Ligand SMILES: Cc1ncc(C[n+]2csc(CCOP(=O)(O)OP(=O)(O)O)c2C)c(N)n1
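Only one chain is shown below, in structure tokens, and it's the form predicted alone.
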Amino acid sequence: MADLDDVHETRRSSSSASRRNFLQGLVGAGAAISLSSKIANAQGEIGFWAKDLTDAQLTDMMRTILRIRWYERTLVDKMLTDANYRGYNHFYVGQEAVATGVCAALKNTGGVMEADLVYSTHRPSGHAIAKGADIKKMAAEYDFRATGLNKGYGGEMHISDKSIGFIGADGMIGPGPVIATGSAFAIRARGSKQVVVNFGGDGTYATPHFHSAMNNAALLKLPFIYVIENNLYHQYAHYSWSCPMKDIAEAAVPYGIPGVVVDGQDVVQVYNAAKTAVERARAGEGPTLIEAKTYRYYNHWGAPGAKPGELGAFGYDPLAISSFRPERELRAWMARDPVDICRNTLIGWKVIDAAKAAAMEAEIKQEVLDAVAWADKQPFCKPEDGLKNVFAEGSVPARQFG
């Protein structure tokens, strides 16, 4: 059922030249990490924007990947060991480079009127963290605590933070892009230079919302970027069951917009593609469809088949009736782990060394443990407060007539 061609294809696409060697015209035999300066796509080329990133920016990208990884792994262990945990989680582990690379190309400060906007999915942790959400408040929200990011009313699938332009997760699969293109239209109408990104899984291709969003964004040349995170499976079904093409990015062709396929395990490739799309959108040239080939290490939701302290879920998932993907497929993708690829790239580019990388990971792991421990001490929502934040009291002026 599974298509292993993507595994071999992404392995081949990971080769490239060291950034330092690229910039200095040197070729370090054996030590260089390969990365092409241009990535071909159906309608042109993607610029090698990563060459302009500072060491601090590259290190921040690695920190983001690690923060997503350990936030998720900590909650996996919590689901497996803490009977009092009330969270209902869809884990993002394995896909960290996609959220990190995309959000690194965005403006993430200034609120909804200035920051670039991100619409997420029911698997939102990576997108929220990469956009800059507070992980302490996120952890509290996931457990429905009153001091959570959304006062405990959103939980995982409806988490949001307008202060950073993270409009929110989408518990219903599909409608996100339609709402996101509405935001993109509003941005263009008021003349700001913001960009809207909608993240969606491979399953969204088969929804009418996907095609409606693509059609309108192309027709109106909206500052809109659709990022498909193709992790091969929508819930428990391989994406080939609902998509006739190997590359979902081919869906961009009839709309006359760029359709780009990138290695979603390589944060530099993702960043390059996202930056190109962002620059295009800001210039008024319209939308881009990016398909990131990636993989999730855990099952559709929760942690069935996983063990505390171990990465990935290899056991039986009772909700899937049977094991829905080959273990060898999962291990093949884990051999191209986004954490390892980012770490090895930065070491090869002499941005950091192995000791600094290890210290960074230990620091972030402790940061996450402290955040979750803080969340555990926060008060729960009160039942009598259930209708708070539902109704607006008093008159609300119509701003469009002001």
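We number the residues from 1 along the sequence you see. Because the structure is predicted, anything quoted here is derived from the model rather than measured.
Another form exists, predicted together with the ligand; not displayed. Remarks below refer to it.
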query	finding
Stretch in contact in the predicted bound form with the ligand, which is absent here, among 139-147, 185-193, 293-301, 74-82 (heavy atoms within 4.5 Å)	293-301
Residue among 171, 154, 305, 286 with a heavy atom within 4.5 Å of the ligand in the predicted bound form	171
In the predicted bound form, the residue from 276, 181, 231, 89 that sits within 4.5 Å of the ligand by heavy atoms	231
Contact label in the predicted bound form: residue 122 to the ligand, heavy atom within 4.5 Å	yes
4.5 angstroms heavy atom contact with the ligand in the predicted bound form for residue 312	no
Close approach of residue 201 to the ligand in the predicted bound form, 4.5 Å, heavy atom	yes
4.5 Å heavy atom contact, residue 235 and the ligand in the predicted bound form	yes
